[in-house]
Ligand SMILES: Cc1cc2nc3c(=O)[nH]c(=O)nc-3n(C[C@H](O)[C@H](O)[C@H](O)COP(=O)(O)OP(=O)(O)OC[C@H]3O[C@@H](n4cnc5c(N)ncnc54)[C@H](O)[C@@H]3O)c2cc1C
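The chain that follows stands alone, in the form predicted on its own, written as structure tokens.
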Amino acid sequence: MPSLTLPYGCFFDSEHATVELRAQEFAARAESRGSIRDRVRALGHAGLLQNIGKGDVRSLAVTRGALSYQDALDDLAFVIQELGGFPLAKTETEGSVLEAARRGEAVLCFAMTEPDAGSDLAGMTTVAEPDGHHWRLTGIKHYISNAPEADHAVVFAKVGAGGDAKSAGRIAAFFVENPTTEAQSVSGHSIGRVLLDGTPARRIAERGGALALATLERCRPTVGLAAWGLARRGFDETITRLKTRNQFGKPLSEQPVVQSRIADMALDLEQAALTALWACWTRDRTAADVRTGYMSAIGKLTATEACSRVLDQCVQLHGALGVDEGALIQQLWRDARPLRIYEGATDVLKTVIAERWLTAG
């Protein structure tokens, strides 16, 4: 299994190699982990969830790279625990739930996206109304990773007219126990809707929009390393295939046009790793109250687009086998494709990057 801490050591401290090795050992175990709940439990027992909400971003990155290289669902189980756990750690709320999540005994989800409000937070229609010391939420969240198996959800909603005048219309963050969900199907992932119909909730942050952005800025660049893991696995499988598959009297690896493709893939892999790690390093070295949306956007966009090109080349170089329904290469491509959409779609991130320069000066 490839390493990130060895070839890109300039981004890491000594403890990151230990984190990566632990994740690699977990990922390499020849065992069937089944459902997301089973995977979360296994991750917790292996100690990979112990730093949810409090570890550094580079540790998340190397863990995601190792997990996704072997199994995209292990990576999904891992990172959604972080997405759901960081808001609880940041606000110092629901401590017992957070500790259960770190042990792998509770499954979390992060519910923000709606049918008519994805990246556009201002378009959010889920409403929160006060009910004594608690709140009730009404609306629908969809395409929420791990929702079908979630024990708890961090939900973002607009405060309704029943709230105080200062907070009415503002996005706040809420905690929901045992959310009502229904499954959706996206490339074999555990994804679904969170259905809110006067659902009881506890408010954990009045400034929910800022909390959501802080969470995404932390996790977004690590998406690039998840993409790198998938693409590197595809690249390694493809190199093996090219060395052993003979065409026109010699291995495909000796064909000049194939070698040109290999070079393009290698360049994209290096670009993906370097840019995403730079964004992770930047987040770790920047004060918590200073935004790093620009760097996070560049890290995620560059890496996911580059890795998508790599896997497309892998499919092409495998020929018909690359689109065979049971083939690993086609599954890697399917697993990687959503990474260019969630936690900031490519086109939205381009807007973030452009605004940084258009508003400068």
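Heads up: residue numbers just count along the shown sequence, starting at 1. Bear in mind the structure is a predicted one, so any value in this text is a computation, not a measurement.
Just so you know, the form predicted in complex with the ligand exists too; it's not on screen, but the next bit is about it.
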In the predicted complex, the residue from 191, 98, 201, 72 that sits within 4.5 Å of the ligand by heavy atoms: 191
Site test, 82, 87 and 213 vs the ligand in the predicted complex, non-hydrogen atom cutoff 4.5 Å: no
Stretch from 141-149, 286-294, 221-229, 172-180 whose residues place a heavy atom within 4.5 Å of the ligand in the predicted complex: 141-149
With the partner left out here, check for me: in the predicted complex, does some heavy atom of residue 25 sit within 4.5 Å of the ligand? no
Just checking whether residue 20 would be counted as a contact of the ligand in the predicted complex - the rule being heavy atoms within 4.5 angstroms. no
Evaluate residue 113 for contact with the ligand in the predicted complex, applying a 4.5 angstroms cut-off between non-hydrogen atoms, and reply yes or no. yes
Wondering, does residue 186 line up within 4.5 Å of the ligand in the predicted complex on heavy atoms? yes
Residues of 329-355 having any heavy atom within 4.5 Å of the ligand in the predicted complex, listed in sequence order: 338, 341, 342, 343, 345, 347, 348, 351
